[in-house]
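Just the one chain here, the form predicted alone, laid out as structure tokens.
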Amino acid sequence: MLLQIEELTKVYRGGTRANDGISLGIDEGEVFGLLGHNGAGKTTLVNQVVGLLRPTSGSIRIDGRDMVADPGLARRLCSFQAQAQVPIDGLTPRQAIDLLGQLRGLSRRDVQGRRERLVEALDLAEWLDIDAARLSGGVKRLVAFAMAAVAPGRLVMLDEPTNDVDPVRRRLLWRQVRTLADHGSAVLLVTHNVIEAERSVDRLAILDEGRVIAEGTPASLKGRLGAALRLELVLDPDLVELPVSPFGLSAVPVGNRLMVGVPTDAAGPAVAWAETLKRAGSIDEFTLGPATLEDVYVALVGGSEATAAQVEEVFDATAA
């Protein structure tokens, strides 16, 4: 593994445990997603890997070398796009990207070539020579990504790279994330956008309260739920008691919706059950479609505590 993290723990002054015994590994050429709600410990983990925070305990190694003992080396080996907007007001995107490329050791000629390819790939040409103070938040995020990607390190860490980016250019950015991995970098992607992550990552870990509660490929995590389909019920606002799933799988309430796992061979009975509920006035509408990574995420961290615990039991049972 290019990046190996073992039993990483970070406890802040006052006793807040931001990371709690995290272990994971990422190989070169791999896009690894780190999913979790705000406060789950994602950014704390990234800041420790890049050497901005010192762990309370545990180890971080890149290519077998100890990053905790040498945080300066961590910053040389890693490219990093932080969650916060990069402070580049007073510079143009051209100047900011070129500056980072040269600081990371590329020649002016190499920087120019890399910058031109990124600007074209991300559709940034019209803003290339405009003061960053005049740019929108989404364009600044794209510039920050280009700054991290112009001279990528062995490990590229991207913390919520698509925040504020419009849908069209988000697709362009995801292609460049894949390109980074295809050229040999390991990519650690921090996000809470589960739908986008499912299309982009090779493997992922879901964090909750500083712990890894699930890890694997998107397909393997969906498979562990035991349901290939997802029945979404829009509940009547006056409903007192939730419908009980007849399929023996997860049923997770999210707001006014109930997400029910359905095996492939139960698609017909699932629709019939939903139609019965609709005729009875228990639900307003329903949809049946393929299960998604979002279903796994919601089941583990988005439902009630009791429901999440039940789903973890299903995970344990199907993995055994």
Partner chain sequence: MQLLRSYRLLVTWQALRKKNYLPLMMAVQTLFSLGIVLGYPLLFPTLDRTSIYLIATGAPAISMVSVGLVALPQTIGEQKAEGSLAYMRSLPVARLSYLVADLTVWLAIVVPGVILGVLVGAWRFGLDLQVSPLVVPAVLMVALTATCVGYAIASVLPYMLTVIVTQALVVFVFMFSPLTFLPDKLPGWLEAIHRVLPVQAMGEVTRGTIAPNEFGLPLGAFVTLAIWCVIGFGVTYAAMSRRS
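Numbering follows the first chain given and starts at 1. Keep in mind that what you see is a predicted model, and the values were worked out from it rather than measured.
The same protein has a further form, the form predicted in complex with the partner chain, not shown here; the description that follows concerns it.
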P71, D89 and L99: each with a heavy atom within 4.5 Å of the partner chain in the predicted complex? yes
Of the options Q112, T179, S220, Q95, which one has a non-hydrogen atom that comes within 4.5 Å of the partner chain in the predicted complex? Q95
Please pick, from A82, L172, L225, A214, the one residue with any non-hydrogen atom lying within 4.5 angstroms of the partner chain in the predicted complex. A82
Is the gap between G105 and the partner chain in the predicted complex 4.5 Å or less for some heavy atom pair? yes
In the predicted complex, R54 touching the partner chain (heavy atom, 4.5 Å): yes
Please tell me whether any heavy atom belonging to R76 falls inside 4.5 Å of a heavy atom of the partner chain, as the geometry stands in the predicted complex. yes
Do L142 and the partner chain share at least one heavy atom pair within 4.5 Å in the predicted complex? no
TL;DR on 44-52, 253-261, 289-297, 22-30: the one with heavy atoms within 4.5 Å of the partner chain in the predicted complex is 44-52
Contact set, 113-146 vs the partner chain in the predicted complex - heavy atom within 4.5 angstroms: D131
